[in-house]
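Let's start with one chain on its own, the form predicted on its own, as structure tokens.
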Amino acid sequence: MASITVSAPAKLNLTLDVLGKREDGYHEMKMVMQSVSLCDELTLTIENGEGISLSADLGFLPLDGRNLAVAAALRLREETGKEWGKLAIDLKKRVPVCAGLAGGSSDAAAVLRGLNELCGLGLSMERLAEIGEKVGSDVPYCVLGGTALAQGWGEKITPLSPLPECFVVLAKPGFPISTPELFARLDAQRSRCRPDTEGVLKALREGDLSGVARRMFNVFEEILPPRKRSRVEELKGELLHCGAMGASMSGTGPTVFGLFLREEEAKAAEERLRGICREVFLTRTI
């Protein structure tokens, strides 16, 4: 029996822009991504036998191929032709689900990295990212992590100068958001504000945290249904009131986050938001 435990960090969208719809039906994206220390934990164990099993500490999660952790293991086996015996995956979930934080994609990436090490496959991170692309659009980024520019439908990853370390407060409102609905609403809207992606890239090169924070923007915020948009704006306002250098929504939401230079301000913001939002997390960039 052999075993390994791997972390699956959440991701933030410092910027998110949708450039248009492609002929293949996917959307052309341009996003600046950042990993944070809030993470799931996966233990991979290989024993004699065959098959893949998944256990999780959240009862509503699918435990078959619909779960990206299982899908990643199946894809890796198909791509490499490697038979490793019976694989058991134990998932401790810390990243909130359906939150715009790529929790499922990060779990898939962790399985790819973990099996690569556990089975001695010797695959490069770039090759693992290529395999991850066939599992989900955020998986390539989650394989590589850090600060990066994601383009295409999310599969083209360019590492960037790291975001200066800071504290992050996350708040997930208690309502769902339909990703297909948001893309449809975006397609129907003729004009919209766009993030200053080039300005963010320049600020990253210069190590200018405040320059990044004040340019953060997500095009999906504008086209949320009115009540949901109001709630997102309310949470952003609370974060800024508590001293955040900038605040934005991550992915297709609904999680809102703020960047803080000082830990004491971040802790105060966490406490304040716990009074008005069910799921609040204090973490930091990695």
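The first residue of the sequence shown is number 1, and the count goes up from there. On a predicted model such as this, the values are computed, not experimentally measured, just so you know.
The same protein also has a form predicted in complex with a small molecule, omitted here; what follows describes it.
- With the partner omitted from this view, the residue of T147, T197, T80, S137 that lies near the small molecule in the predicted complex is S137 [heavy atom within 4.5 Å].
- For the options T179, Q189, S161, S210, the one in contact with the small molecule in the predicted complex, meaning a heavy atom within 4.5 Å, is T179.
- At a distance threshold of 4.5 angstroms between non-hydrogen atoms, F183 is in contact with the small molecule in the predicted complex.
- Using a 4.5 angstroms limit between non-hydrogen atoms, G275 is distant from the small molecule in the predicted complex.
- For the chain shown alone, K228 is not a contact residue for the small molecule in the predicted complex, no non-hydrogen atom being within 4.5 angstroms.
- Of the heavy atoms in K236, none are within 4.5 Å of the small molecule in the predicted complex.
- Heavy atoms within 4.5 Å of the small molecule in the predicted complex are found in one stretch of 59-67, 42-50, 256-264, 23-31, which is 23-31.
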